[in-house]
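One chain follows as structure tokens, the form predicted on its own.
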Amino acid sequence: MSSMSRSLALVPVAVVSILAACGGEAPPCPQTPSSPGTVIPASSTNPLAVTVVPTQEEAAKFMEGVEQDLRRLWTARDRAAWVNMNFITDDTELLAATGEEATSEYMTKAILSARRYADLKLPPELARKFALLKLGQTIPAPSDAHERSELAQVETALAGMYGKGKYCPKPDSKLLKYLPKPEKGKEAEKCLNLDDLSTVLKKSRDYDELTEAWTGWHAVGAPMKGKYKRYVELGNKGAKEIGFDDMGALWRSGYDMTPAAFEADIERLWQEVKPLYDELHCYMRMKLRAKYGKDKVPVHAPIPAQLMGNMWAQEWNNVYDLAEPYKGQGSLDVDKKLKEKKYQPEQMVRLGEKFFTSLGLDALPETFWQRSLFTRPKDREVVCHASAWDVQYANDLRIKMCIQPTEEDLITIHHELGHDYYFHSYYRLPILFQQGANDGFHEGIGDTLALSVTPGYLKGLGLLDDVPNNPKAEVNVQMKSAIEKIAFLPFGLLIDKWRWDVLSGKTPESQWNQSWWDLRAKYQGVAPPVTRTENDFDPGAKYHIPASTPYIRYFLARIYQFQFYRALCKVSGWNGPLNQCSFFGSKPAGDKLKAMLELGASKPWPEAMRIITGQEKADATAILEYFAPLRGYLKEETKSEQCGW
């Protein structure tokens, strides 16, 4: 947009107020169109006031300019972020911070400027754009330039501290055997990164090794605490400037309902699935106690967090060997087959793509294969946490992931490609509509397809020798799925519950770590393996906290994916037990999926839900239907256990 060059003395008061909100600057402040609208004369209550009532035409022109600017700014920001994530240096951190700062500055000003049109009755599509604009900045920046710059730098620094995190074991540590083998001619590595430490939690069954690996990684959080405090202060200030009580209230406003109604709906969904989680927790604690002893895993108490095979105990599939109900009933060792067949990272990604194309969706663009990161580079620091991108908001699809030949990574590939296919389906929409119906939709799409990665499907790929076809084998398959998907549900819920209370001030800084573990005990039934204090900052050891990524979307995705899956199985013609369905190759299922994906955020999420499922609210009954065979087994096995904690 062109700059505003007129003297303020010649500009109507309403326009002057917008300039004041924008700091009196030229663009990137959104500019109000110059058409006059309706002039309202001075009144006895305010004799100097001369204002202009905006028109729908002005609002449309304003939004057109905003969307042009957002495409430019978001693309520049995401280019810098992509480079920073793939080449972590001080310079790339600064570039990423600069891109984030420019976007934050513009968004704050755009949202303040948009207030001019708040009382207009606008066409539905335009009104939705204004609503989405207000929600468009996850971390709203303060209008003060210095604070805005500081916030961007704090955000980038926190992400960088996580990405560079390592643990250096002492000379007598048991973990030395997990150090990567040095390349020929290079000095041996003396520290373990998150991948290495996660391997310990996955592979080791030594209590002390697990405890050291867990403690070693969680030390990454403590140095973040001061920066996180400033992040909360600055982010909340930005949120208040655009009309929210705090950042948490802003995040809860993105679901086409009030924040209070959203919280109530989340609790409804949790109560629907909690009995299944409690049964699974009781069973897993029984199995872990058998392995490690009652002194390590007490009866009727939370489970030590380092024993679950995952750094955050958020998923338990890595300890399936301990949880397996019927030994030897149905081979489910996909990892073994991937290694035997020497699957390379790109081959695994192409397997994921094949599922989407079997439904009639497009092949990924050639640029995807040229620009994505599939393996951890040996010559630089990168953030290996898997993510999907459309850097230019124009079908510039990519994933960033350090792929290993494991079933877990094969499932993650489906998840990330789900994001990319969502990007691809709506990239022709106006940029404010280029997002999921809500963020839970975006997270759930790839996982919906992953539910169709059944033993029968895997056998067809040559990744299983036989399809388990007896009740015992079916329970084994269900257990392997449940300790990943059901185990995750309370963790997906509590991350943002912790943040909402921190951001609102309900949880003071002096209780941040205690509150974290209180919530983990309440919802997950897990406890830290060693004593924790407020000198620790264990939330910082989870990527999404320093990376400023709202997390309730993942809880929603776990609910939605079963709801989507049940609907797509039905349209594909499946009539058997839900847990055995694979809609691979079903064009009718693909058509229904595509119709929902193409909406982006152009309609409220209940409409998108209706298109794919016929329902207009989230429904957890599909999860209970899917895991019906397992529930019978769990209840029988734990009937003598003292469940709960």
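Note that residue numbering begins at 1 and tracks the sequence as displayed. If you're wondering where the values come from, they're calculated on a predicted model, not measured in any experiment.
Beyond the structure shown, there is the form predicted in complex with a small molecule, which is absent from this document and is the topic of what follows.
*Asks:* Any idea which of 264-272, 297-305, 148-156, 547-555 reaches within 4.5 Å of the small molecule in the model of the complex, heavy atoms considered?
*Replies:* Contact criterion met by 547-555 only.
*Asks:* Could you tell me if Gln314 has a non-hydrogen atom within 4.5 Å of the small molecule in the model of the complex?
*Replies:* Within the cut-off, so yes.
*Asks:* Residue-level question: is His385 within 4.5 Å of the small molecule in the model of the complex, judged on heavy atoms?
*Replies:* Within the cut-off, so yes.
*Asks:* Examine Phe244 and determine whether its closest non-hydrogen atom to the small molecule in the model of the complex is within 4.5 angstroms.
*Replies:* Result no; Phe244 lies far from the small molecule in the model of the complex.
*Asks:* Examine Phe488 and determine whether its closest non-hydrogen atom to the small molecule in the model of the complex is within 4.5 angstroms.
*Replies:* Yes, Phe488 sits close enough to the small molecule in the model of the complex that at least one of its heavy atoms falls within 4.5 Å.
*Asks:* With the small molecule left out of view, choose which of Arg499, His419, Lys480, Arg77 has a non-hydrogen atom within 4.5 angstroms of it in the model of the complex.
*Replies:* Going through each option in turn, the one that passes is His419.
*Asks:* Which residue among Thr507, Thr108, Gln404, Thr412 has a heavy atom within 4.5 angstroms of the small molecule in the model of the complex?
*Replies:* Comparing distances to the small molecule in the model of the complex, the residue within 4.5 Å is Thr412.
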